[in-house]
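This document opens with one chain alone, in structure tokens, the form predicted on its own.
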Amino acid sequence: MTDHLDGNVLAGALSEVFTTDVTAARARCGGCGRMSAIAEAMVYTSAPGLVARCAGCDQVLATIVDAGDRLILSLAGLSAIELRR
């Protein structure tokens, strides 16, 4: 998997759930423990949704699927998200 975008591509989809810009938030990868801005994630768009992977270990951090009247969000690969107030 080499064709990816950076985590900023998640901004639109995440703005439907969060009121702040989550791409500026810092998150911890549940796999390697890397703490970095969500915008630094490698995002793949060729799946049936967006798949964000850790830039350090390639673990899936988050998936976002637009299912029409629903948004399906998984943050299972993150052990923490740090949001600024």
Partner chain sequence: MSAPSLASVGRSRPRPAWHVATVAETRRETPTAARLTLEVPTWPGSEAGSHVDVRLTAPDGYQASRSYSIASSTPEGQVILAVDEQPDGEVSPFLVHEVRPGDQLELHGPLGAFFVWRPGESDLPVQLVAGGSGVVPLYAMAAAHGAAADAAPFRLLYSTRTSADVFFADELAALTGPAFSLDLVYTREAPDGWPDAVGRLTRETLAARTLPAARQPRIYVCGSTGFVETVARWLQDLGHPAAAIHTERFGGL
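Quantities reported herein were computed from a predicted structural model and do not represent experimental measurements. Numbering follows the first chain given and starts at 1.
Omitted here: the form predicted together with its partner chain. The next part is about that form.
For the chain shown alone, A37 is a contact residue for its partner chain in the predicted bound form, at least one non-hydrogen atom being within 4.5 angstroms. Although the partner is absent here, S79 lies well away from its partner chain in the predicted bound form, with no heavy atom inside 4.5 Å. Heavy atoms of L83 never reach within 4.5 Å of its partner chain in the predicted bound form, leaving it off the interface.
Residues A11, G12, S15, T19, D21, T23, A24 are the members of 10-35 with a non-hydrogen atom no more than 4.5 angstroms from its partner chain in the predicted bound form.
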